[in-house]
Ligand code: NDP
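Just the one chain here, laid out as structure tokens, in the form predicted alone.
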């Protein structure tokens, strides 16, 4: 019997990250989660993953801290043998939406640290372990999935630091795809549109109206499961010859129209 593959999802305790974890649990993966939330606050979600048949490892930690990133990877190796799929999902919006003429350095550092710096160096650490496993066994299955945002290309001057962080994630995808190509480790980017989560709850009324007026070609909010289905496809290996590619999950919002 083939050994179960293992996926690490950052920010997997709730929201889009939990949707991804649930989808991969249904696909037969062991699930590791790196999240800042106290484990007891997401206990029901973790139990649901176990009920789906997944081995579950919860690593409480901060993606911006090297010690927490390395501790999670060490725990995965110890508990599951190796990491096959890294999903860089953890992300934050600015605590206060502020015009770029007035935004603070503190907000910039907060957003960029979690959305870009942390995932960049987690990818570095995970990729080195994946490369080592590939050298031992060229058939070792491995891939990396970055969750960005349409804000990587759509300008929102009231949250410039968020847009910059997601544009950085897009370039990071290209960089890692280029570097890891020789090892046959594909790297992908999923670019969500307006997704119904805790992060967007504060602007729900605004986007309800915009969606009704035609913001998206498909006149509904996106849901975490829409993102999760795309990640599951990539984690299964359904697009093995498409490294570096972007998958838009935005209901047609960013399609140029006249």
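Just so it is clear, the model here is predicted, and its values are computed rather than measured. Positions refer to the first chain, counted from 1.
One more form of this protein, predicted in complex with this ligand, exists but is not displayed; see below.
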Should residue 14 be classed as touching this ligand in the predicted complex when contacts are defined as heavy atoms within 4.5 Å?
yes
I'd like to check something about residue 195: if you look in the predicted complex, is any of its heavy atoms closer than or equal to 4.5 Å to a heavy atom of this ligand?
yes
Are any of the heavy atoms in residue 91 no more than 4.5 Å from a heavy atom of this ligand in the predicted complex?
yes
Contact label in the predicted complex: residue 212 to this ligand, heavy atom within 4.5 Å
no
Thinking of 6, 124 and 189 as one candidate spot, does this ligand come within 4.5 Å of a heavy atom in every one of them in the predicted complex?
no
This ligand in the predicted complex: contacting segment from 99-107, 83-91, 175-183, 137-145, heavy atom within 4.5 Å:
83-91
With this ligand left out of view, choose which of 199, 66, 43, 51 has a non-hydrogen atom within 4.5 angstroms of it in the predicted complex.
199
Consider the chain as shown here, without its partner, and state which of 114, 167, 131, 75 has a heavy atom within 4.5 Å of this ligand in the predicted complex.
114
